[in-house]
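Only one chain comes next, encoded as structure tokens, the form predicted alone.
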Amino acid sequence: MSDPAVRPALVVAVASGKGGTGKTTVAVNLAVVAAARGLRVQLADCDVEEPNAQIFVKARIEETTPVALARPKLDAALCTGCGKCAAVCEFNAIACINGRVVIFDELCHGCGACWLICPENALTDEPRNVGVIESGSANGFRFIQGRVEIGEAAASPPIVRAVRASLGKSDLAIIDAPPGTTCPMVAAVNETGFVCLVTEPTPFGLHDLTIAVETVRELDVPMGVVINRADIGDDRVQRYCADERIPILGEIPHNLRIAQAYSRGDLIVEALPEFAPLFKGILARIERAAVR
């Protein structure tokens, strides 16, 4: 994270147990209503394998910064084939076969354990560009997005952390988290002030929501739920939230005009201003429940 003196006053992550639930829709529209209220806002798209917030906010990108990840480099002349590097690698990025070390770069997370444990100093760290951070401005707020290079999936968490580290001083930072509950999602929501979980009222939506709730509880971050396409499916999500004492922050209806606006890449609060109070209400509930 950035220096406490310049970090955002409140960081809110918008996450979901699975993709396609409307997570980005919620994140971008919350950013717009917050900026319209006069708050200094940053929107960070941390869905670094498939960032798409830019489609809606249409930011003017002003700066592009490469992200490098240290990877092991082998000096075969020094290597004795002891295999300690392969044994210590929990990501299976190194194999030692018949005394010969083989490195699989695409599996490496750059933790550094291999070159630290090598008794012969045959492994050293070599930086390699694995993605970029792009930043600019849109709709009265600062916009940042991370983008991982194709084939560098193991680099997603470091790029998410780099995006978060680039956040500067503001009243509010909204993070559009990666879908799912794996390492990139954890890197995006950990140590935030609130997690807004977006789901749908379907059996699949409830299943993935329960996993996401367990993950966020492990991280000890307060959370609430936004139900998208609220008038499809059944009421099991509402009953689950009531049983688990998780507040429902708002319900976005299954509406043809919303779907049409989304398909055009339009912001709901601009294309359909009658829904702006819905997102203002969600933001107000988050602000009351969040940890600053």
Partner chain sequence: MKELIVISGKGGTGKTSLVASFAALAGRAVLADCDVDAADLHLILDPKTWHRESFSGGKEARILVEECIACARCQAVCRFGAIRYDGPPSRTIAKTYRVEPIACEGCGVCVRFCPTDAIVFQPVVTGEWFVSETRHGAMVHARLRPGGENSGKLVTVVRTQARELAERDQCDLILVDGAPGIGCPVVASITGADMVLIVTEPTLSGLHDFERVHALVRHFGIPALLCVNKHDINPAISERIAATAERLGVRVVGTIPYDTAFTRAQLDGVSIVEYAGSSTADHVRRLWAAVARELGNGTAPEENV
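Residue numbers count along the first chain shown, from 1. Rigid core: the largest C-alpha set superposing within 1.5 Å between the two forms. Since the model is a prediction, treat every value here as computed from it, not as a measurement.
Here the subject shifts to the form predicted in complex with the partner chain, a form of this protein not shown in this document.
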### Query
Counting only non-hydrogen atoms, which stretch in 208 to 216, 74 to 82, 166 to 174, 133 to 141 is within 4.5 Å of the partner chain in the model of the complex?
208 to 216
### Task
Decide whether Val148 counts as a contact residue for the partner chain in the model of the complex under a heavy atom distance cut-off of 4.5 Å.
yes
### Query
Hey, in the model of the complex, does Val186 get a heavy atom within 4.5 angstroms of the partner chain?
yes
### Message
I'd like to know if Lys18 sits close to the partner chain in the model of the complex, meaning any non-hydrogen atom pair within 4.5 angstroms.
### Response
yes
### Task
Please check if Glu120 has a heavy atom lying within 4.5 Å of any heavy atom of the partner chain in the model of the complex.
no
### Query
Looking at Arg60, Arg239, Arg264, Arg37, which is the one with a non-hydrogen atom within 4.5 Å of the partner chain in the model of the complex?
Arg264
### Query
Since the partner is left out here, which residues of 110 to 134 would have a heavy atom within 4.5 Å of the partner chain in the model of the complex?
Gly110, Cys111, Gly112, Ala113, Trp115, Leu116, Ile117, Asp125
### Query
Does Val213 count as moved between this form and the one not shown, where moved means a C-alpha shift of 2 angstroms or more after fitting the rigid core?
no
### Large Cα move at Lys84 between this form and the one not shown, threshold 2 Å, rigid core
yes
